[in-house]
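First structure 1, then structure 2: two forms of the same chain, each alone, as structure tokens.
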Structure 1
Amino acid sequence: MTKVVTLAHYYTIPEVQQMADKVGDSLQLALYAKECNADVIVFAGVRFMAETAKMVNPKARVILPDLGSTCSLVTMTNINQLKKWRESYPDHVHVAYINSSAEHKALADWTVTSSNVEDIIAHLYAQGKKVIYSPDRNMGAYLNFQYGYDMPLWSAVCEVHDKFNKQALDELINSLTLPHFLISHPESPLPVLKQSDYIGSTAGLLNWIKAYSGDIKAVILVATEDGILYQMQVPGRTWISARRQFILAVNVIRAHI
């Protein structure tokens, strides 16, 4: 009997998440498919996520419902130019973010997630290694700023996170009369990250919300893709709307609103 599993990334719309067998980050979902020994994987996400699922589950058939679903971190990266960039730093270790194409990962020495990137790069620097980082310029800029690294960075961004705008954020914060917190994904621009109360992966943002025990009237500003708000508000799965009655805002701190 063929075993089919449907996977949905946290950032998909709520209706898709409701249909899925498992909701999570891309690597977490790929590993789940392996653990449950799936024969067919239907991956509601973007192409690089489906590629990762295929790498982890080479015998499974992986179906991407929307073949045109991609990410600006991929489309902004010309592989031939990336290869030349990589070759221009022959004495450096190339660390690539998992949000990249299969061809991109093939040019990397390490592939990291937003959850483990800080530990892995710290490990490499502790060994005396020199590092270049791709493809996310914003995440790399944050790491350089936060830890004093001097990593050369590839220049691509997540178009969703890159739209978070410091001026709009300042205007919003100045208009608030209630206590507020800003939690952000490290794909956001550095000026936004500098103002954040917490910076972390998608799972990290969810865990921050679950652990929050402060003022129940506080405004929680969530600087990442909208889909995560669904996971933050499902009664019985998180405490947000059911027990804490938080106010969450995401679109209001984007540019051009």
Structure 2
Amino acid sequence: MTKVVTLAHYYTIPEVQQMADKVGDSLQLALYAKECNADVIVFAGVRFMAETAKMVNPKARVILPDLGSTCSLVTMTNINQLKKWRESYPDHVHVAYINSSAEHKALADWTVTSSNVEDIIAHLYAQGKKVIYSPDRNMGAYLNFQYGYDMPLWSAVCEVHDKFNKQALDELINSLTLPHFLISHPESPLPVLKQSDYIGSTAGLLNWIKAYSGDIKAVILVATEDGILYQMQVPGRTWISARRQFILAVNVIRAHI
């Protein structure tokens, strides 16, 4: 009998997350895809995630539910130009965010996810390496700012995260009468990240919410794709009204785009 395993990213809609055998971020799903004993992997995510699953588990048939499911980090990157850019830094290590095509990864020395990017780049700098970073300009700018790196950056963005902007955020925060926190994914623009109380991967954002023990009335502003809000419901805690605030916050930020 054919064993079908369904993987879903945290950013998918709640109904799809409920259909999945495993829900996770990019790193968690890649590791699961490698180890799962599946004949068929249905990957509810974007195309580059399904491609990574196929590469780490070549024996499984990997199916992407919709071919059009992609990301601007991929569509904004011309591979021939990337190759020239990479060749212009022959003494650098090329670190590529996993949100990139297979052809892009083939030009890299390391891939990283938002869960391990800080550790891996710190590891490379500790070895005295020089690093170039692609394709996410926002994440690279954050790493350069936060750690004082001088990494040359490729210039693509995730269009969902890049739309969060400081002006809309300031307007929103100024309108709030309740205490608030801003937690952000590092694909967001640097001015938003500089204002954030916490910056982390999707799994990191979830862990922050689960560990949160402050004022239950506080408004938690979440700067990432809203599919993650489903996972932010914490059983046993009165999060219903707070969750409305999450959604409100995200929608308000987007409404100013």
Partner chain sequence: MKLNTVEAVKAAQNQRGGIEIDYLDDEIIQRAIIPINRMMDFSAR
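Remember, it's a predicted structure, so these values are computed and weren't measured experimentally. Think of the rigid core as the biggest set of C-alphas that the two forms share within 1.5 Å after superposition. The first residue in the sequence of structure 1 is number 1, and each one after it adds one.
Undergrad: Could you let me know which number goes with the form predicted together with its partner chain?
TA: Answer 2, the form predicted together with its partner chain.
Undergrad: After superposing the rigid core, is the C-alpha displacement of residue 197 2 Å or more between structure 1 and structure 2?
TA: For residue 197, whose C-alpha is compared between structure 1 and structure 2 after core superposition, the shift is less than 2 Å.
Undergrad: Note yes or no: does the Cα of residue 53 move by 2 Å or more between structure 1 and structure 2 after the core is superposed?
TA: It does not reach a 2 Å shift.
Undergrad: At a 2 Å cut-off on C-alpha positions, does residue 33 qualify as shifted between structure 1 and structure 2 after fitting the rigid core?
TA: The answer is yes; the displacement is at least 2 Å.
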